[in-house]
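Shown below, as structure tokens, is a lone chain in the form predicted alone; questions about how it binds or moves come after it.
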């Protein structure tokens, strides 16, 4: 299977709300996510690092944001499908969120010129980040 284009990924969102919240249970790629690569992606300043807004259990990073919720324990609170959904399009869980859609290109406002018409993360990077965040089960 090839990676899904952003529009196709959005079509999969219809009817995927689970008991705990919207969930995108189908991975975007056939290749499983790699937690080590995902940890590198969330720290990558060229990719809109998660650390800008979230505190994370990455002690070697000196600066963590506090705009979003802390991500320690996120793997215990949310399933992989819910994590994937929030990365692909966080507005499905919270329409008023300021978190960017990392794998969506349509229907966005105030998009920086460097990101117009393209996603922030590739489909594989989404899967890698999902795999990493799913490992964060302790507080």
Partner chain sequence: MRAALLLLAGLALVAPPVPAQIDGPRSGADFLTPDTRTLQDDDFLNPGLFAVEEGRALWNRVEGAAGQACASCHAEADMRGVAARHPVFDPATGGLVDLAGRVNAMRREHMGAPELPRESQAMLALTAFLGFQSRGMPMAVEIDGPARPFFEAGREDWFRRRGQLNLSCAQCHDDLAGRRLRGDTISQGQVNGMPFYRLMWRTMASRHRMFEWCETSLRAEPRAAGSAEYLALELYVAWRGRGLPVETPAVRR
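Residue numbers count along the first chain shown, from 1. Quick caveat, the model's predicted, so the values are computed rather than measured.
What comes next is about the form predicted together with the partner chain, which does not appear here.
Novice: Within a 4.5 Å heavy atom cut-off, is residue 30 in contact with the partner chain in the predicted complex?
Specialist: No, residue 30 sits far enough from the partner chain in the predicted complex that none of its heavy atoms falls within 4.5 Å.
Novice: May I ask you to state whether residue 52 is within 4.5 Å of the partner chain in the predicted complex, using heavy atom distances?
Specialist: Yes.
Novice: Please determine whether residue 124 contacts the partner chain in the predicted complex, using a 4.5 Å cut-off between heavy atoms.
Specialist: Looking in the predicted complex, residue contacts with the partner chain do not include residue 124, since no heavy atom lies within 4.5 Å.
Novice: Does residue 59 make contact with the partner chain in the predicted complex, using a 4.5 Å heavy atom cut-off?
Specialist: Output for residue 59 is no: heavy atoms all beyond 4.5 Å of the partner chain.
Novice: For the stretch 114 to 139, which residues lie within 4.5 Å of the partner chain in the predicted complex by non-hydrogen atom distance?
Specialist: If the 4.5 Å heavy-atom criterion is applied to the partner chain in the predicted complex, 114 to 139 yields 115, 116, 118, 119, 120.
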